[in-house]
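First comes one chain, alone, set out as structure tokens in the form predicted on its own.
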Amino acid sequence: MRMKRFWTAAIVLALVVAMVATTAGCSGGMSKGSAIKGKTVVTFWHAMSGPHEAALKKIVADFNKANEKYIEVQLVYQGSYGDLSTKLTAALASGTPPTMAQQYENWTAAYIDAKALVPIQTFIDNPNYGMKKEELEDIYKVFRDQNTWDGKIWTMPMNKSTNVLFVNTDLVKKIPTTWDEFRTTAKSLSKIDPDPKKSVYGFGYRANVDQFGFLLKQNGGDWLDKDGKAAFNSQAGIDALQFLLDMTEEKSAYRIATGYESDLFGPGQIAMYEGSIAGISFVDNLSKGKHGWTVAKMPKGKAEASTVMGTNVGIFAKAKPAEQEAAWRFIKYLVSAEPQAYWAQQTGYTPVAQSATKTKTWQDMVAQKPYWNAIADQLKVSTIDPRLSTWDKARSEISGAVEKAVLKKATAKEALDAAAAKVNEILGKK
């Protein structure tokens, strides 16, 4: 599920406007041309807790042990994402940021404007300790795209999730793969009772920007056009929202006003929903002893599509060259096959490296949970949201429009056109 983000470009730029980027190149390995001459300690600020933090600690410990003469990565837990953003704001303002930190794309967009980051591309291109073409291309394209601004990779993917179709296998005998199959299946499974708690719907959803976004992308639409103006109110967007409205009207889909889809999926009140793999543990707990379940690729409209979420890790420009190089060496290790397979196994996040799916760790996991193959396949056709510091405000406007249409306070076209006008204002587009 998507965490709330707290950044705007204005706040970050105001706080770090006086910063001077120190993007000194780091060439060579820990011998020829390396900036690392002795033991180099780097700090990594993060917001991982519970099992996620435990898995990250294990990965860091393995890296530190293998590089104990040269590098030590020190993890510093900063609380929630909101806490992390607040502390990074203060650290950047005082000129004392950590060596590296987790960050959302809208944070990164503001950091780039403020010259607060050193581009990861600097290290990727290094002839001595960078990435070979095949190593870089091992990272799923959607994640490379998500971390690229103006042709440069600025950050690298870390804890990532994608959206999939959750399916009650006791009710759904044939998993739908197209919009037509999806709607027909949902309609056939819906049984409405005067008592809402006894009703069963084929599909459950929350009327928000994410649900609309799935359908928009599957219908061949996009959020913005090539000029950066709102494009979600195109005919593709209108038809996508109308598809949801029609399913709601015929009672094959149920709008969930409060809580999460898993809350109704677990007890069997909805047979399918589209959501993040971050909900897998909740679905498992809520469904246990009640019904079988699995996840599958999203149903296809005009295109196959889903979205990816989660944070990335970036290196701050204030760090010394040796610290930057050491941070990069850790990041390169973090996104490699074995650590990524372990990360997926322990946390439920997706691997960001395709080679992770070839490891024994992954194969053992798939043997127990075959649906992980569907998750890996979904990544190949997943897309990204706009990576703008103001996108959160835009998302709120679009969510409001979707809800307005679902509640019959406006037609799909009226709601999306009004939202598009407001989003263009937010983005500074006329």
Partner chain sequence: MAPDAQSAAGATTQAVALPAQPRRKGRKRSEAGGRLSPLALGAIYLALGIGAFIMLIPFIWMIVTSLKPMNEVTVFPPKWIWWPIHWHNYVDAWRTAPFGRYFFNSIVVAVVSTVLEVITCAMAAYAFARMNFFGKNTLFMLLLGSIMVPGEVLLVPNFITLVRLSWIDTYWALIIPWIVSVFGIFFMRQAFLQLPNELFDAGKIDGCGTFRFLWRVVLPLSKPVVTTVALFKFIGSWNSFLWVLIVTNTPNMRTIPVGLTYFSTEVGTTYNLLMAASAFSMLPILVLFFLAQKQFIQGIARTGLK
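Owing to the predicted nature of the structure, the values given are computational and were not obtained by experimental measurement. Numbering follows the first chain given and starts at 1. Only the largest set of C-alpha atoms that superpose within 1.5 Å between the two forms is called the rigid core.
The same protein also exists as the form predicted in complex with the partner chain; that form is not shown, yet it is the one meant from here on.
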Q: Pick the stretch from 110-118, 78-86, 172-180, 226-234 whose residues have a heavy atom within 4.5 Å of the partner chain in the predicted bound form.
A: 78-86
Q.
Even though the partner isn't displayed, in the predicted bound form is Ile238 close enough to the partner chain, meaning a heavy atom within 4.5 Å?
A. no
**Q.** Gly38, heavy atom within 4.5 angstroms of the partner chain in the predicted bound form
**A.** no
Q: Could you confirm whether Ser396 comes within 4.5 Å of the partner chain in the predicted bound form, counting heavy atoms only?
A: no
Q) Can you check whether Gly279 is within 4.5 Å of the partner chain in the predicted bound form, heavy atom basis? A) yes
(Q) Taking a heavy atom within 4.5 Å as contact, would all three of Trp45, Ser94 and Pro267 count as contacting the partner chain in the predicted bound form? (A) yes
Q: Heavy atom within 4.5 Å of the partner chain in the predicted bound form: which of Lys320, Lys152, Lys290, Arg144 fits that? Just give me the one.
A: Lys290
Q: Select from the listed residues Glu135, Asp263, Asp125, Glu250 the one whose heavy atoms reach within 4.5 Å of the partner chain in the predicted bound form.
A: Asp263
Q. Though the partner is not shown here, which residues of 328-362 have a heavy atom within 4.5 Å of the partner chain in the predicted bound form?
A. Tyr349
Q) Taking the rigid core as reference, does the Cα of His52 move 2 Å or more between this form and the one not shown? A) yes
**Q.** Displaced residue check between this form and the one not shown: Pro97, CA, 2 Å or over, core reference
**A.** yes
